[in-house]
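Just the one chain here, laid out as structure tokens, in the form predicted alone.
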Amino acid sequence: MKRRSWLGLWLLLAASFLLSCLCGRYPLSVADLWRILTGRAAGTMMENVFWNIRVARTCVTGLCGAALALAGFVYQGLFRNPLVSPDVLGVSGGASVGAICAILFWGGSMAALQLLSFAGGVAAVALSLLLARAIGGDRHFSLIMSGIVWGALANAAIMALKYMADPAQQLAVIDYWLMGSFSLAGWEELRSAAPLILAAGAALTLLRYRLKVLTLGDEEAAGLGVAVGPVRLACVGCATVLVAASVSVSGIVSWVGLIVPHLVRAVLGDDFEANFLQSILCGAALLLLADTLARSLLPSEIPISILTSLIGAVFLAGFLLRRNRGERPC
């Protein structure tokens, strides 16, 4: 059963990757793909679309999906709360403030947008950690409450910046960015985000056993020799880098980090170390499928968060209804 589950996940990811490369407003067939890979389509439009647009966008989308899902899995494990999402510490709000500042004051260049959105996300989490330390008390409660505070302040800043924006040009750009899209994802975006995502993901992979022990509680983890404070800080920092790097190239992508860990546990079983990698594979596959639908359903591309929010809400409702039926006495 476990072998079939892993095989199914890898096949799902491979199929999602292939569909993402072939589908779109300029559709490619399997025969076209074979011609491109064998060099018989050199210099043609289909080769240019495949290598310079589709493959780059697919790699960025898959990487962001894996990063958001892993961040959600880590946050839910750290806070021992299945309803925690990657923006629990205000990272998405901080990144949004940075990106809007780039659009308003630096002309919306891709370099400024990526840099400021990443810096805004990291700064928001740093402020959340400082506020949580000042609040004291239960660490999990303090972190969540400080994240809510900074998230609310970020939303206020977003509304104020949107009020200042030019309605004819800047406001539309801001709103579209806040809905998320991979339409501008290319090799440059992959080069900027991939090193951060891969480094943070590798660090979390090395820390996964300690993270598993942390889910037992601070006292139990300390008794097993885990340095609770440093490990928690390292995991929060790495998860924040994953989210901030993803948001910096795609805008806000909703629900992926919340829903994918639930989906993995519900379908594949509750095994922490297995779910760690399964969340990565499932997150990449699902965001690739959502992005493929976003640019294929209508003549104009649909913002990605519309689809991820719709899919996530339907799945969460179904999950809650199923669990409620299972808990009813016969």
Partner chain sequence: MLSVEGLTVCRGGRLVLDGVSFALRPGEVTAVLGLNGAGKTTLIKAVLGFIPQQGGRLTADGQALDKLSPSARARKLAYVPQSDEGGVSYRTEDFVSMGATASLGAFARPGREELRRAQDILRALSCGSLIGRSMAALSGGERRMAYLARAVMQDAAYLLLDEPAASLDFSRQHSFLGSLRDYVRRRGAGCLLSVHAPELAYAYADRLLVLHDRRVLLDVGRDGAQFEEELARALRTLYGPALRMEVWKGGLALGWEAP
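Keep in mind that what you see is a predicted model, and the values were worked out from it rather than measured. Numbering follows the first chain given and starts at 1.
There is another form of this protein, the form predicted together with the partner chain, and it is not shown here; the text below is about that form.
Next item on the list: Could you spot which one of Ala156, Ala168, Ala227, Ala111 gets a heavy atom to within 4.5 Å of the partner chain in the predicted complex?
Entry: Flagged contact: Ala227.
Next item on the list: Have a look at Ala199, Leu104, Leu216, Leu131 for me and say which one sits with a heavy atom within 4.5 Å of the partner chain in the predicted complex.
Entry: By the 4.5 Å criterion, the partner-contacting residue is Leu216.
Next item on the list: Would you check whether the partner chain, in the predicted complex, lies within 4.5 angstroms of a non-hydrogen atom from each of Arg80, Lys212 and Glu220?
Entry: All three within 4.5 Å in the predicted complex.
Check: Using a 4.5 Å heavy atom cut-off, which stretch among 145-153, 171-179, 248-256, 201-209 contacts the partner chain in the predicted complex?
Finding: Comparing against the partner chain in the predicted complex, the contact stretch is 201-209.
Notebook entry, point to check: Can you check whether Trp51 is within 4.5 Å of the partner chain in the predicted complex, heavy atom basis?
Noted result: Contact check for Trp51: no, nothing within 4.5 Å of the partner chain in the predicted complex.
Checklist line | Stretch 34-54 - residues with a heavy atom within 4.5 Å of the partner chain in the predicted complex | finding: Going through 34-54 in order - heavy atoms within 4.5 Å of the partner chain in the predicted complex - there are no hits.
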